[in-house]
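First, one chain by itself in structure tokens, the form predicted on its own.
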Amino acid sequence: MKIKEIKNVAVVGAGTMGQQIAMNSVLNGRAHNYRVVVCDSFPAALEKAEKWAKEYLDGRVAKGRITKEECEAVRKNLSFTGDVDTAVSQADIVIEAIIENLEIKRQLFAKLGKLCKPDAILATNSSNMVSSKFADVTVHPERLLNMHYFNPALVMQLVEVVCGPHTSEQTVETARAFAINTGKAPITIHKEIAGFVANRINAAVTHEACLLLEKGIASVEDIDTACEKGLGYPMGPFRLMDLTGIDVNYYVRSDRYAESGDEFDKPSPLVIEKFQKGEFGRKSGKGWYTYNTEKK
């Protein structure tokens, strides 16, 4: 069945990534008039996402980045609902951005396979799980792939479009076109591999940074400065870990090591120590750096 033009977008998961993917789709894709709905079964998450969206758009108007008229057009095309079933059944593309838990994701994709239109594209934003892990529970696996956005999704331009052996060429082309239409720079990854491209390169940098720290070669601050001022990185590896979550680094590398058995994939002993102490980075107020978590 031929894939129709994308008009309706459903983002499942109202967390940080979900809300930013949705906002990017409707804001940067406004020339294409995409109608975007954020759906989540947790009312508190929806309420928080809706509040964030209002404040973000008001801020864009205040800074002169968009006009009041453009803001109203975006608001009109962006909605939030707890009725996940209805939202996904009307979508031309569904982007999953829920918790990184294999069983929960499989349950969702089994549900999507039954509820979605037969020509709807199903995309997972997972940076760690390839779409093959869900292909057997979907009705139309040829419409399934990874569309990996980077955090923060409103700023970072890269989207990794990852083909599984089940993914059709038309699905890839349509997903790439959607990414371009919403201001992104997509790359196509032709074979599934853990970590895809950018995160595998970043993992190698992070691994070396942790080794340098373990051996007492340089401090956290100086290693970050070397990457930022010498290599042109927008953020050093330790600052980046604090942003994305040291717990995320721990879980991803643990999973990768369990699959590969390669010592290179093991979490750094320093990361394990931080994880055990509950020092996850910005979210906990302390990681490689200390943050002020007082509410203003």
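This structure is a prediction, so every number in the text was calculated from the model and none was measured. So that there is no doubt, residue numbering starts at 1 and follows the sequence shown.
What follows is about the form predicted together with a small molecule, which we do not show.
Residues within 4.5 angstroms of the small molecule in the model of the complex, judged by any non-hydrogen atom, belong to 96-104 and to none of the other stretches in 71-79, 96-104, 157-165, 187-195. Although the partner is absent here, N151 lies within 4.5 Å of the small molecule in the model of the complex, judged by heavy atoms. The closest non-hydrogen atom of D242 lies beyond 4.5 Å of the small molecule in the model of the complex. Shown alone here, V12 lies within 4.5 Å of the small molecule in the model of the complex, counting heavy atoms only. For the chain shown alone, N28 is not a contact residue for the small molecule in the model of the complex, no non-hydrogen atom being within 4.5 angstroms.
With the partner omitted from this view, the residue of F42, Y251, Y233, Y56 that lies near the small molecule in the model of the complex is F42 [heavy atom within 4.5 Å].
For the candidate set T171, T182, N125, S131, a heavy atom within 4.5 Å of the small molecule in the model of the complex is found for exactly one residue, namely N125.
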